[in-house]
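Just the one chain here, laid out as structure tokens, in the form predicted alone.
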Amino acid sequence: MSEKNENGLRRQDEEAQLECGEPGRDEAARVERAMEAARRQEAAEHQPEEEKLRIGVYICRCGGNISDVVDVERVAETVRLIPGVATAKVHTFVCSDPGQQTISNDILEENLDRVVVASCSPFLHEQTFRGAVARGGMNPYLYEHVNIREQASWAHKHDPAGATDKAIRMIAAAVGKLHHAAPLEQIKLPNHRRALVIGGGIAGMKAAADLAGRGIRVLLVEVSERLGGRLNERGAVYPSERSGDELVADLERRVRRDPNIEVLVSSQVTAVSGFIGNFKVQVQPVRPDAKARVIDTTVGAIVMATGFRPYVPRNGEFLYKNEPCVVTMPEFIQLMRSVKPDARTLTFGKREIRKIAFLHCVGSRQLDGVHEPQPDGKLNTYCSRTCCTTILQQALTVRERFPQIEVFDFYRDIRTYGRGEEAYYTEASKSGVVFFRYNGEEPPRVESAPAGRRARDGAVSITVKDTLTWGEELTLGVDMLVLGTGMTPGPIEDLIGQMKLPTGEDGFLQEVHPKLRPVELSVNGVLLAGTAQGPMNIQETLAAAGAAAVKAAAMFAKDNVELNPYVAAVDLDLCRGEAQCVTQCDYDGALTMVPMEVGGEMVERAQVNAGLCVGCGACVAVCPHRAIDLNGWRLDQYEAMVDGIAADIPGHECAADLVSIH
């Protein structure tokens, strides 16, 4: 009998003795424990013996990112001594084509049945190495990734010896886990080839049009009475200087004429359930309206194009609402749109505007102790990114149309980051716009002018410590103050709650990764388009919408949706239907109790919906019978990883207590 089987039988005997020594435990409980012990023994007997396993370990230098700190050659020499490791190789870039080919070739030529890659973050190259393993003819889920760059080299750059020892222990843990690994297959679910786009602004229309152009049916839902969103409120937009209405009209014609797009205005999504490829959606009219109707349908993907809300200053903020001449940028744009093309003066109410000031960063880049928190208790610490260019564009427009008006700009920083947008700053300066720069800790102070001096000095006075003149305090009277208000998240709290969508500190929807998965949410099948994700200008909004459409179209390339198999699995022989796993699960429908016949009687047992399960493991922790586990991350695999970390490795002198696994 092998040592492994002998240890397993000893463990079973110890468990049985423990059961007999615990008073008050009934026969059913002892039977359950005995069954569990037998299941573990059976699983162990079906695993390859250590001497039969052939595991390949591939250690990356990462161009020096790892090897400048970690002694990768020593790591390879040491892990070769771990039982089951058939080969351990070092490569400058394992993720390169030659590095991947080495793995594929070794699987075929050296009969490897498991692979460990020790390199950078799995976020970067897990899919890369799965592909390499599959090309070698091995099940891609018999590969384990170890991040020795971020977790060893970068974390312990001042302790090369410790980083090296830590890398060895991390690889030993992965090898231990692979001793208990089993081949897994991707989950395949039916795929409804139809997309829902929530929001009919330019992002929503662009995404819908691009999807329809690829032959995909689209349901486009807009809460207001017309398509176009915030762009309907704009005049000329940069950098094209075309009117917002014109841009909206172009996109709307494209959307309305496409037979693959169904448009619902004055409608809202009221219920969403299901999972990628199979979302159940209900759409209802915002109010009783003959043109809108209730729709219950199924879609395969959802594009969130829900837009933003302009920041609305609280009453009294820079005298907003206290002084009629203090307006927000959207309000000022509407004023400029209402002015006749041949007008020679700009008036507001009955007052002719002679001096106008623009103030940056209202509702953006807020500082603790300087600004009052929002109703949710948070500060808008982010930059809204588009405000500076909008202010400069409007300031320049005023100077061009009404050269007699004096224009002043109060700013913290000028952030005209987009291509060609710096030209607005240059042209505004040349046109006579006067700039004042202030520190964020000391924003300008706005006060009402005395009644007797308003006609001469302006309706409000602005006092600022101007850093352009070495902190000199200046006071300026103006007839109008325009607040450059930022962007805030759209009102989609209900959808966020229903769909469990992630949001960032700024309150906008949070992508999985800003570079690797920039338009994907952690909820599979839900994508981001435009300013639902954060402040963007028009060009960025359209680009993001196009990217979301491409990503959604890729989901519809096959009849089935393919998902990773890392979901919960129920052992019906151990499940007793106590439903503790169901009550603990945070994902509606991921775990349910279903009736079934066991031993001639109808009982309820837990069942996993693979499309909704996210593999969080909360259910595993609460099951008293260990009847539920996670594919690819079973409890016996965790135990093997701990054993691997703590094990004595032949020829490796490092004591386990000298290695810190963080």
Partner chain sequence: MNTQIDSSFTPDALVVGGGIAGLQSALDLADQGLKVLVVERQASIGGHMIALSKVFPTLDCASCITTPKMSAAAHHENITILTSTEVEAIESAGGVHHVKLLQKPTYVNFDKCIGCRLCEYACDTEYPDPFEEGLGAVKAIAVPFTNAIPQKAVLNAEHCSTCGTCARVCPTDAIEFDQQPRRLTIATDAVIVASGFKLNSITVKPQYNAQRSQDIISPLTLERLLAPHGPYGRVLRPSDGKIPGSIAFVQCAGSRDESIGVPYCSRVCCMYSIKQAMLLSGALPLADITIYYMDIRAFGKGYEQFFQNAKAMGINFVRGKVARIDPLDGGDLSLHVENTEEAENPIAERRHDLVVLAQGMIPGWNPAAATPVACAADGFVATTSLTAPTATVAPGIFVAGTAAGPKDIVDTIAEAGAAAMQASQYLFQKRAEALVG
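Just so we're on the same page, rigid core means the largest C-alpha set that superposes within 1.5 Å between forms. Positions refer to the first chain, counted from 1. What you see is a predicted model; the values in this text were computed from it and never measured.
Heads up, the form predicted together with its partner chain isn't pictured, but that's what we're talking about next.
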item	value
Which of 314 to 322, 576 to 584, 209 to 217, 342 to 350 lines the interface with its partner chain in the model of the complex (heavy atom within 4.5 Å)	209 to 217
Glu406: touches its partner chain in the model of the complex, heavy atom cutoff 4.5 angstroms	no
Gln637: touches its partner chain in the model of the complex, heavy atom cutoff 4.5 angstroms	no
4.5 Å heavy atom contact, Asn191 and its partner chain in the model of the complex	no
Contact flag, Arg256 vs its partner chain in the model of the complex, heavy atom cut 4.5 Å	no
Interface residue in the model of the complex among Phe332, Phe402, Tyr382, Tyr141, criterion: non-hydrogen atom within 4.5 angstroms of its partner chain	Tyr382
Listed residue that, although its partner chain is not shown, lies within 4.5 Å of it in the model of the complex (heavy atoms), from Gln510, Thr102, Asn278, Ser266	Gln510
Site check His145, Thr328 and Ala618: each within 4.5 Å of its partner chain in the model of the complex by heavy atom	no
Interface residues of 413 to 427 toward its partner chain, as seen in the model of the complex [heavy atoms, 4.5 Å]	Asp413, Ile414, Arg415, Thr416, Tyr417, Gly418, Arg419, Glu422, Tyr425, Thr426
Core-superposed comparison between the shown form and the other one, His145 Cα displacement 2 Å or beyond	no
Core-superposed comparison between the shown form and the other one, Thr592 Cα displacement 2 Å or beyond	no
